[in-house]
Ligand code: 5RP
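Shown next as structure tokens: one chain only, the form predicted on its own.
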């Protein structure tokens, strides 16, 4: 095994350990549970599937935040529902999701996988919220290194770009990797990836971006601001430990 393969394996082990720890700590029978999207969150889904198959999680009802997560639930036999369904009735007991960046105050950037709209719907309608991430996602300031996604309706591409540039952001239309043209979200929208050159206040910027006509949502997740309401954050460390914050 060469160096690159070894690092990939170690990173996979960190993500699995972190996802499994959160699922074991937090998920209980009869929960209305939001399951997130991404390379660490998928291990939460897999652990929930294992525990369900073992008979530990009877009565669980899941809301999947993306097609990827929904397909994983189907493969693992996890019952999943619309947030509008009678089984969930628009509210969740707990959501566990991944993150692209995490700052010292527990604020996060999400949406690298393009599922930010539904991920935020779950996050802001859950009694409890938890994030699983590896230590490489820790930053001092958000949206400087990793691009912040902004989901827009197609008709607002130019107008939203101008408005975001006035806020001090460098803006790029996200292009697809295996098709010509831009990425299209699961709801038929476009994604603008933006970066700031100097630190911004995430709470303020989340609200200001959302006020731009044509913006559907953005990847700042700062709405849970009260100290008792901030997310639990599980950080996977290279030494084999999982750090719990908040």
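Model, not experiment: these values are computed from the prediction. Numbering follows the first chain given and starts at 1.
The discussion below concerns the form predicted in complex with the ligand, not included here.
Stretch 109 to 117 is the contacting one of 70 to 78, 109 to 117, 83 to 91, 154 to 162, since its residues have non-hydrogen atoms within 4.5 Å of the ligand in the model of the complex. Of the heavy atoms in residue 224, none are within 4.5 Å of the ligand in the model of the complex. In the model of the complex, at least one heavy atom of residue 39 sits within 4.5 Å of the ligand. Remark: residue 99 counts among the residues lining the ligand in the model of the complex, judged by a heavy atom distance of 4.5 Å or less.
At least one heavy atom of residue 15 is located within 4.5 Å of the ligand in the model of the complex.
Residues of 71 to 91 include none with a non-hydrogen atom no more than 4.5 angstroms from the ligand in the model of the complex.
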